[in-house]
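Given next, in structure tokens, is a single chain: the form predicted alone.
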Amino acid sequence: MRTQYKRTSVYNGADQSEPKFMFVWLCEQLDTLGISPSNILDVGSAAGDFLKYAKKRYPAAHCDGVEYDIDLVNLAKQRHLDISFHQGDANNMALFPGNSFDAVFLTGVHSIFDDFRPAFSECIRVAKDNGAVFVTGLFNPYPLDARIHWRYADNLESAWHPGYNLFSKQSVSTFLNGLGGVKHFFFKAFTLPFDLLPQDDPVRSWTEQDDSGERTLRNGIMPLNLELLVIQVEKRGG
């Protein structure tokens, strides 16, 4: 028995006053590509915290968020009146026409799915010609894909949860190399410049230091090889 992925409770606290380090870092990657966005889409936008920061950083940009959890959509609408939020599925974003957004972000989402290809295809479809898609999440450097489901050990009869499926860089690269509309793509490691302490909930991530003193992320399930996949979209014409 499996449950639907739902983490509404994580976002039910007060609105974050300071942006997460990752939010700032992601926008820096966008700036590095020389893109001045007029339209931004965040797929899996949760309560809208990333778009809140993006709107502050790029005030002239129109920002849209897509989120499957209707409770989070409603929460985001209450908190951020200058951003458009929609209930929708990353695997089928028919509410948006193709060639709509300068920058599309998919952060911490693709490991929920048993197949990454529909969501990646949709993000590329709605990205503008010469725009970019930024996918942040787990990527296996070894040529193995894994479906991973977890549960808390205090109840052996509880349902299994998704959220940590692991897709290899090889599988992703093979898919993108065979997909039209992709001009170039690359992976870039994400590291935190500070420590995260373990929390009471062992599925929440924390940092550890390896033998060289470099910080690595993990949770109670597995080491978390968190990377950014940048997909630059070509001129498709039509």
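This structure is a prediction, so every number in the text was calculated from the model and none was measured. The numbering used is simple: start at 1 and walk along the sequence shown.
Although it is not shown, the form predicted in complex with a small molecule is what the next lines describe.
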{"query": "Complete contact of Arg147, Ser168 and Glu227 with the small molecule in the model of the complex (any heavy atom, 4.5 Å)", "finding": "no"}
{"query": "Among the candidates Ile83, Ile112, Leu138, Leu75, the residue which, in the model of the complex, approaches the small molecule to within 4.5 Å (heavy atoms)", "finding": "Ile112"}
{"query": "Contact residue in the model of the complex, chosen from Tyr68, Tyr58, Phe190, Trp206 - any heavy atom within 4.5 Å of the small molecule", "finding": "Tyr68"}
{"query": "Interface membership of Asp89, the small molecule in the model of the complex, 4.5 Å heavy atom rule", "finding": "yes"}
{"query": "Arg215, heavy atom within 4.5 angstroms of the small molecule in the model of the complex", "finding": "no"}
{"query": "4.5 Å heavy atom contact, Phe23 and the small molecule in the model of the complex", "finding": "yes"}
{"query": "4.5 Å heavy atom contact, Pro37 and the small molecule in the model of the complex", "finding": "no"}
{"query": "Segment that reaches the small molecule in the model of the complex - one of 101 to 109, 75 to 83, 124 to 132, 152 to 160, heavy atoms within 4.5 Å", "finding": "101 to 109"}
